[in-house]
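The chain below stands alone, shown as structure tokens; this is the form predicted on its own.
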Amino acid sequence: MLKLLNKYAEKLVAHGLCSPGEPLVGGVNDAVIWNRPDPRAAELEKIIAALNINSIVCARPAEPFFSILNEHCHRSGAEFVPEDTETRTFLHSIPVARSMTAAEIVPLLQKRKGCVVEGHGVVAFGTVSPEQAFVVFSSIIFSAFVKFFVDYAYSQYAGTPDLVVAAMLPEVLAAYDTFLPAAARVDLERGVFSEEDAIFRAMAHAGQATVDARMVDSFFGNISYFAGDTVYISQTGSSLDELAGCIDACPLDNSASTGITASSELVAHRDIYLEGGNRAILHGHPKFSVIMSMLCFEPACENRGKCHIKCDRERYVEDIPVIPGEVGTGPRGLSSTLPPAVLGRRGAIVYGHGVFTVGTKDFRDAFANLSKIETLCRESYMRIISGPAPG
């Protein structure tokens, strides 16, 4: 158990979400075990006992995330509700506690998987393993970051710019630049792959590179490769930096049961391949791409509030289409909206969800396009908040 606790404490640091030595991770064995001593442990053990859970994470996030969370706390009541896909499908809302006490936190965690504690950070739990707590912690930070920037852009559009956030922005952006890794050449495998071992290596390398570039959080995102009559795709719930043993080979004729554990976006990937011309797909959640997807300055639109499933307008960030689409199949699912959007393009952005990019031979173009689209979106966002109100 201690090895597992240390693993996720180290991942929070490696992902840039916490400073070294900060994460406190506890797990239940015969007794509660902690990755390190900490005065907060006694109160957290009361939470564990009250909820009958397996593990818990408590940590003050690194900047700029800590300041962003506190700003949400200052202007929120009992909770705040981001509108990105991770929140819609996974978090639902983010409750706010005002003190690091079991008495206040337990009722919140009886309804949600994690909460923000004003002035302290995030508390999240897992019912089976510390991985679940890590995923919730990471997702809260992602969703809070996206909401912070989306809300500010809309305040600018309304002609009432949020002066508190405006004053924060220089330090927030500088800290975010520190969070991002220095640009480095990424040498992914070259060529058209036909052997499973080569496919698995190429996918694992590209997945790790995507996590290292901080273009995906927690276990979200997916990756696939098309060879012969088979789509090789990451399993649902897998982490892109831990793909060993988590890639499913899914024949087009459904002659294997691997589709059961494959990513929920398997059908969308398959249909992109059937359009022809591509062999690799990479899906990440780069933050400014998600932020830009959620900015639509059409307040009178009859589909307002349904943008994630229904949008009648053609929207672009320069040449990149922004489309609606629910995870999975159906007329409003990604399997319907994504393949035609990607056809003949370097990628597409799904509202509130992330970016899908393609490669004709391997993952080099897909990875490069993911990075370029995120840069494009950040530059577009900065122009929006620096110029006159859109529209």
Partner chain sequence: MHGWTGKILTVNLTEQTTAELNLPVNVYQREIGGKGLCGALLFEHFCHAWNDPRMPLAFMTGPLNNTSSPTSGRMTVMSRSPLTGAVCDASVGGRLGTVLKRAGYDGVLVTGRSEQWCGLVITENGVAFQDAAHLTGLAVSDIHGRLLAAPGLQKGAHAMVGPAAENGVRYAAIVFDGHYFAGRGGLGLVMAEKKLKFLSVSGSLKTDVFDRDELKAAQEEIYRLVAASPVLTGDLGLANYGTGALYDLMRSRRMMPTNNFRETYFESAPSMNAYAYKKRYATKKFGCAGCHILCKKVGAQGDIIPEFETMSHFSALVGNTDLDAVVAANRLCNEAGMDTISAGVALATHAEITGRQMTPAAILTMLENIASGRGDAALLGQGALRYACEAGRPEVAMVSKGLEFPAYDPRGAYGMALAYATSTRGGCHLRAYPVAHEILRKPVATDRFSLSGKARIIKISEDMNAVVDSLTACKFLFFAASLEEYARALQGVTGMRTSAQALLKTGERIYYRERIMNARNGFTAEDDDIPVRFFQESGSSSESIQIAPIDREAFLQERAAYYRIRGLDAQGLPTPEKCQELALPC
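Positions refer to the first chain, counted from 1. The structure displayed is predicted, hence computed values, not measured ones.
Separately, the form predicted in complex with its partner chain exists; it is not shown, and the next lines address it.
This chain is displayed without its partner chain, yet in the predicted complex the stretch 255-263 from 172-180, 196-204, 255-263, 288-296 comes within 4.5 Å of it by heavy atoms.
Of the candidates 120, 147, 214, 113, 113 is the one whose heavy atoms come within 4.5 Å of its partner chain in the predicted complex; the others do not.
For the candidate set 358, 59, 53, 44, a heavy atom within 4.5 Å of its partner chain in the predicted complex is found for exactly one residue, namely 53. At the 4.5 Å threshold, heavy atoms of residue 88 reach its partner chain in the predicted complex. Shown alone here, residue 67 lies farther than 4.5 Å from its partner chain in the predicted complex, counting heavy atoms only. In the predicted complex, at least one heavy atom of residue 270 sits within 4.5 Å of a heavy atom of its partner chain. Residue contact with its partner chain in the predicted complex: residue 1 places a heavy atom within 4.5 Å of it.
Shown here without its partner, the chain carries 92, 109 and 128, all of which come within 4.5 Å of its partner chain in the predicted complex through at least one heavy atom. Looking at 1-40, the residues that come within 4.5 Å of its partner chain in the predicted complex, counting any heavy atom, are 1, 28, 29, 30.
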